[in-house]
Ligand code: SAH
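One chain comes next, on its own, written out as structure tokens in the form predicted on its own.
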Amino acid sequence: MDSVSLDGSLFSGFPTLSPGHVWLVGAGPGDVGLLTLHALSAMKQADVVYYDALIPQDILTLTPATLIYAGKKAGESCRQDRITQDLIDAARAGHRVVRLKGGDPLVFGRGGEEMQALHAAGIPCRIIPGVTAAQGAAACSQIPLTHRDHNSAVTFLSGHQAETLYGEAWHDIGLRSPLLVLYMGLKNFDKIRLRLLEVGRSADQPVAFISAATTPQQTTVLTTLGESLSVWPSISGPAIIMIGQGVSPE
């Protein structure tokens, strides 16, 4: 542990980002106020920061490091193997490296893949967790992720390639999880909705589309599973989709 200067104030007890090390850091869902002190400490210590597409500019301005875009967005996606190799090369060159990810690195952020690759290459790695998008979206929309009266469990799902990823498990997912939270679910939502209805999810189940969660641009659209296709085409990403009774508690 060491003392780290954060905007002129000295904080003790923060871990030191050493040369040749890579930290996978969660930047939270977008609101700069939800950045953790550990994340800010890492950004202040870094020589180079590889950042995702969803990191807002007001967070990037907090680091003195060299900024390198390593995001995934339509038309400008960076290959995952190239990103991982760049992290390894930068660490081997003796740099203090931060991989800055939206939300939490280990929640649909490919942080697990990068961590495994760094370990295999012999690069010391640390994970700095962040507020994941579902937490930010739920808080800003005042939707409880759990509630003693109606949902004692919540399931986070990736909507990307959901049809092939979950297979026969859709029956259990669709019927037994009180609250479903879909990341990256807009593109395949029509297929996901149909599958949930087919396995017996009620068409009356409340649905919330939450775009740009925690930012000034956030919008929340409430509907039901049965009526959701009427609003789905108008929703722009990035968006979190919540399905279940907890979306509209009585």
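Numbering starts at 1 and runs along the sequence shown. Not measured: the values here are computed from a predicted model.
Keep in mind that the form predicted together with this ligand is missing from the display, and what follows is about it.
The single contact residue among V207, A42, I192, I210, judged by any heavy atom lying within 4.5 Å of this ligand in the model of the complex, is I210. Among the residues L225, L54, L35, A65, the one placing a heavy atom within 4.5 Å of this ligand in the model of the complex is L54. Per the 4.5 Å heavy atom criterion, this ligand in the model of the complex is contacted by stretch 105-113, the sole one of 83-91, 142-150, 119-127, 105-113. Interface membership of A133, defined by any non-hydrogen atom within 4.5 Å of this ligand in the model of the complex, is confirmed. Looking at V48, you'd find every heavy atom of it more than 4.5 angstroms from this ligand in the model of the complex.
The closest non-hydrogen atom of V25 lies beyond 4.5 Å of this ligand in the model of the complex. Using a 4.5 angstroms limit between non-hydrogen atoms, A70 is distant from this ligand in the model of the complex.
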